[in-house]
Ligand code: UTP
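As structure tokens, one chain now follows by itself in the form predicted on its own.
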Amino acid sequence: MIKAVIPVAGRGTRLLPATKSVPKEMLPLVDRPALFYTVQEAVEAGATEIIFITSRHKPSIEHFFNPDPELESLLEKKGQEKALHEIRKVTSLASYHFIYQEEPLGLGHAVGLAKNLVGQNPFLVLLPDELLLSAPSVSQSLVQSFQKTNQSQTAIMWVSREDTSKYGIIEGEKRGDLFYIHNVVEKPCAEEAPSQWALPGRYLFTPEIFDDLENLSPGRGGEIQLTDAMTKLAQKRGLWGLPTTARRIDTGNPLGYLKAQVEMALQRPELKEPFLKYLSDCQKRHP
């Protein structure tokens, strides 16, 4: 049994004004919230419990993943079996827990809040802004890799030197198919980056990381940085980097959100052909 932690407390300022009233994670990709795809990835990797680190500004997240008997009764009376099946599928994917992050103190702080619910088992962390498209999923690959090393894992992807300032960047050495990590640097400039291997937002940690998080002082931006705890974990207990070639889309900005819409639509057999025709027609109208 494995649990997954999904931090969703951020305000989504890159997608304002839409996210003033609607959480960025609840903006739809076709007819499902973006967050649904992250949860689905975690479940397919073996997670049976999902721990959301959320905010009191986002009650719609809880409402979406919890049962709605009144709506289910209405759909049943109207004979809308397909819609009924879809909403019941969402609530039955896993057990859901919600923890409030009262102040925006950083990703490391958010993950640390899950300590009591995680317990003594390894757990996944998935950042929902990052849509990673691959088969098997990146989370599934992390679970498989963990079974070989029994030590914490992080997905890593190759980025251009100019883009290192957008990510956590690892310093490590290649050992077989993995990288043994010595250090993780948060958003270094190109000149100071120890490598071009970046963190795309998928992790599998042993619970020892909570000890490192609890003893951290604020780092970059005055926040508790997950990357700082990862460095401590790497130096004391071991941390491996699993290279991935998954296609990454940042759904937290307008262009990335539009790309994600297209990708999710093209994965739907009933939408693919008419949507491709529409896109072709659009290109003709807007050369």
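Since this is a predicted model, take the numbers as computed values, not measurements. So that there is no doubt, residue numbering starts at 1 and follows the sequence shown.
Not pictured, yet referred to below: the form predicted together with uridine 5'-triphosphate.
J.: At 4.5 Å between heavy atoms, only one of the stretches 98-106, 148-156, 212-220, 176-184 reaches uridine 5'-triphosphate in the predicted complex; which one is it?
T.: Answer to the contact question: 98-106.
J.: By the heavy atom within 4.5 Å rule, which residue out of Leu131, Ile170, Ala110, Leu142 makes contact with uridine 5'-triphosphate in the predicted complex?
T.: The option sitting close enough to the partner is Ala110.
J.: May I ask you to state whether Ile53 is within 4.5 Å of uridine 5'-triphosphate in the predicted complex, using heavy atom distances?
T.: Flag for Ile53 set to yes.
J.: Considering only heavy atoms, tell me if Thr13 and uridine 5'-triphosphate come within 4.5 Å of each other in the predicted complex.
T.: Output for Thr13 is yes: heavy atoms within 4.5 Å of uridine 5'-triphosphate.
J.: Does Ala4 reach uridine 5'-triphosphate in the predicted complex if we count a contact as any heavy atom within 4.5 Å?
T.: No, Ala4 is distant from the partner.
J.: In the predicted complex, which residues of 17-54 put a heavy atom within 4.5 Å of uridine 5'-triphosphate?
T.: The stretch touches the partner through Lys24, Glu25, Ile53.
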